[in-house]
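First, one chain by itself in structure tokens, the form predicted on its own.
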Amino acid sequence: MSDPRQEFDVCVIGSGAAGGVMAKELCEGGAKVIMLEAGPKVDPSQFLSHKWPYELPYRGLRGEKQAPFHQVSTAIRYENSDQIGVSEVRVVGGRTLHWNAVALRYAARDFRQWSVDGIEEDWPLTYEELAPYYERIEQLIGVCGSDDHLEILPAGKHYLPPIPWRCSEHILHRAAVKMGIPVINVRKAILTVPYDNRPPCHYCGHCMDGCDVSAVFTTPDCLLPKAEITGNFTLRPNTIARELLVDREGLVRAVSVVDRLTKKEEEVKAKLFAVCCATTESARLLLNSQSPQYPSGLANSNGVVGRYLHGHLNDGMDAYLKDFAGVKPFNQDGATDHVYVPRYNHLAGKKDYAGGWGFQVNYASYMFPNQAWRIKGYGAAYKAYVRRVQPGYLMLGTFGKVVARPENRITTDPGHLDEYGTPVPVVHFRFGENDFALWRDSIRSLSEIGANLNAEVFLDFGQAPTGFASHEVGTVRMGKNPKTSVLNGFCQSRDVKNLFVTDGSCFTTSSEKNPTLTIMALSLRAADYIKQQRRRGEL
């Protein structure tokens, strides 16, 4: 417990990928940093990764394996929304404890949506400006993969060896190549060789259920120890940030917090605040931080905080490759994704929509018999068929671009408080015309891939896409235009100069790529800017 009278140089709120980068870099830069995390620490011994489904109370049907990551539940309401979901993960490390570790760079065109496609807005920075930070992050966390010389998926220079492919992925590759569709080594923040005093992956297939050996990058295993050895770091778990408090000049002077276990309230003071709570909670915190200077919420003089909520649209395909049906089962757990299908729709000429999609392949653990969902029947014959098709199981998941629109947003409801007395977040989201057009083309292409496989294919597409696969972004966006953005290109609030927001909420727009690597690169760039400004005495 920190001394309530102590004032820190920096208060980092949130301990996920963004918060971890900010804490490490600023501590190494000489700042006294306190990190606040709403949830507890999770010891690797608490992970249920290697439990078989039959060892769990609900046979794996109710997400028991990820129960340790969802210690604190927050009431989230959805009003006038399509079938989407936003994530609440409150533990030290945030989503890095159960992410799938796919680490992709945005392409140059992804930062220039207005210039390239005439939609949304251009970012206030370019790929060229962010590329050195991508490189530093990849070296810091350890990313395996290869340079495939694709303009749509820029590569780094220091990848670890790629993960070997499964038999099913070789078969997918043979079919896709004939269609002009690339299948490449996945790029993941997972170790294939010893690196940074961490062991390599032993291919148990539980990347999203917690890695008990630290082969998958997580904040607690890879970043916070580096912050701690500086002597400048203080971690406060089980500490919920409810409101940012401002002084007479309108700068943030403290954050009002409540202890999750005791319900005790106090203030944590600092000279500078980095909000890294993830897209929903960062917007919620700013909107709930109302004062005479900021009656509509902190940093919200233009009413943009909470707006432009978006993420990935999703769908998928399951297939059972007939070449493997009935062979003796063999271990193909691996490291979930081993290959990736990068965006390719732009290679076929002009479309009637903007953006594209990528496919993640075999992204779920094989320990749960996923094919059992698809097969009809009961009894001995059903069980025999489940076993028969297991060796040939192949899954593809669509991750597609969603357009950032101001009407899609997070608000808060003062009439509905959570157990800590804070207004809950309310999600308002509808897919737009471009989203539907892109989704329809993606499932058409997915169907064509299935038709080119010697397989029993299951295509259960609904009437609309779903989202966001924990990839929501955009509610405290950066931008060139002060009327349509909250932050400048260094993730700094225009209204409040000692406030930074560096998680996914800062994205101007999104692409089909997973956002985490970009979140970390932006956080590193913001941390360098803060260190520079502190040396000059301007922060």
Partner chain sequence: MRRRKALKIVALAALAPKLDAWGTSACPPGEAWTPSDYQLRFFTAEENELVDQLTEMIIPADPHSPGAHAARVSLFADLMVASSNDAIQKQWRAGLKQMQEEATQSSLAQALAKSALHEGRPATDLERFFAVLKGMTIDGYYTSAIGIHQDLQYQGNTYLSAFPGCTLRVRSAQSGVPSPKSEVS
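Rigid core (definition): largest C-alpha set, two forms, superposition within 1.5 Å. Just so it is clear, the model here is predicted, and its values are computed rather than measured. Numbering follows the first chain given and starts at 1.
We do not show the form predicted together with its partner chain, though everything after this point is about it.
- In the predicted bound form, every residue of the candidate spot (46, 62 and 206) has a heavy atom lying within 4.5 Å of its partner chain.
- With a 4.5 Å cutoff on heavy atoms, residue 284 does not count as touching its partner chain in the predicted bound form; it lies far away.
- The closest non-hydrogen atom of residue 436 lies beyond 4.5 Å of its partner chain in the predicted bound form.
- Using a 4.5 angstroms threshold between heavy atoms, residue 348 stays clear of its partner chain in the predicted bound form.
- Among heavy atoms of residue 470, some come within 4.5 Å of its partner chain in the predicted bound form.
- Across the options 387-395, 217-225, 401-409, 249-257, residues that bring heavy atoms within 4.5 Å of its partner chain in the predicted bound form belong to 387-395.
- Out of the listed residues 440, 322, 430, 112, 322 is the one that sits within 4.5 Å of its partner chain in the predicted bound form by at least one heavy atom.
- Exactly one listed residue, out of 466, 126, 230, 293, brings a non-hydrogen atom to within 4.5 Å of its partner chain in the predicted bound form: 466.
- Residues 314, 315, 316, 317, 318 are the ones in 281-318 with at least one heavy atom within 4.5 Å of its partner chain in the predicted bound form, listed in sequence order.
- In the core-superposed comparison between this form and the one not shown, residue 125 has its Cα shifted by less than 2 Å.
- In the core-superposed comparison between this form and the one not shown, residue 367 has its Cα shifted by at least 2 Å.
- Once both forms are overlaid on the rigid core, the distance between the two CA positions of residue 386 between this form and the one not shown is 2 angstroms or more.
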